[in-house]
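A single chain comes next, written as structure tokens; it is the form predicted on its own.
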């Protein structure tokens, strides 16, 4: 479902030095990155700040084009077929909403239906299902700006799934949520993957999400893939540790010598 082959992404930064002089520097955010995600997998994508996670997500969703290498998501080149790909993937950014701030939540969903050209009856059935499992009924008529963070996050997840995507990309989907809301979101994502076979790529700093949801974990550092395996294999890299948080912290501290 996701294929990444030898992908690199560079940025050219220009700094002014004085009135007439400038300095150019090339930053390699991602270097020779390769991995595959099979249909139906739930994969965690981890790394310290600045490791290249966000750049990878932006390339997978077509926001950025790779400088080198090849990417396919759901059989499409994301940067060249971005509009078509949008109908096959769902994206949730925990720090940014895709909902209309001043509109009631249900009106945002209606606009999304028109954007994705979802059949009215299919939309009605899908929304009813999402309202049930995400418990949205109590605040559908509220403007998005009046929702709590937990309510907004559930709304964003529903918005990303209204067109029934084959791939769901999650960037910090439980950031800032209380214990109850976090548990509800985790349960929903687990059931979505198990029952509908939706392929999920999750990037998060909350390692509780990884422990409870992911069978496979990839670690990126300095733009390169440092680890790709099961959670059990990751735990085995640091003997004696009993939590994934302690293992990942140790690996980050010693800069992932795997």
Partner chain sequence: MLNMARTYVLLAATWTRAAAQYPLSMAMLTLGSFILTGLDVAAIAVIFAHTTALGGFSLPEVMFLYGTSGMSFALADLLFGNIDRLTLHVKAGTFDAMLIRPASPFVQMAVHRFSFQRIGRTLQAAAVLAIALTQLSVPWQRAWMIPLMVVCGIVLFAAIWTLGGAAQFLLVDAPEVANAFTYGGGTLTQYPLSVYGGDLVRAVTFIVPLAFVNWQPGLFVLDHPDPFGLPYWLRFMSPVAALSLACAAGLAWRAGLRRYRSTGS
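Positions refer to the first chain, counted from 1. Small disclaimer: the values here were computed from a predicted structure and weren't measured.
Omitted from view is the form predicted together with the partner chain, to which the following refers.
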TODO: Report yes if any heavy atom of residue 186 sits within 4.5 Å of a heavy atom of the partner chain in the predicted bound form; otherwise report no.
DONE: no
Task: 4.5 angstroms heavy atom contact with the partner chain in the predicted bound form for residue 180 - done: no
Task: 4.5 Å heavy atom contact, residue 167 and the partner chain in the predicted bound form - done: no
Open item on the list: Is residue 102 part of the interface with the partner chain in the predicted bound form - any heavy atom within 4.5 Å?
Closed with: yes
TODO: Among 91 to 99, 68 to 76, 172 to 180, 121 to 129, mark the stretch whose residues have heavy atoms within 4.5 Å of the partner chain in the predicted bound form.
DONE: 91 to 99
Open item on the list: On the criterion of a non-hydrogen atom at 4.5 angstroms or closer, are 133, 250 and 252 all touching the partner chain in the predicted bound form?
Closed with: no
Task: in the predicted bound form, the one of 64, 226, 207, 192 near the partner chain [non-hydrogen atom within 4.5 angstroms] - done: 64
- [ ] Sequence order please: the residues of 107 to 123 with a heavy atom within 4.5 Å of the partner chain in the predicted bound form.
- [x] 107, 111, 112, 114, 115, 116, 117
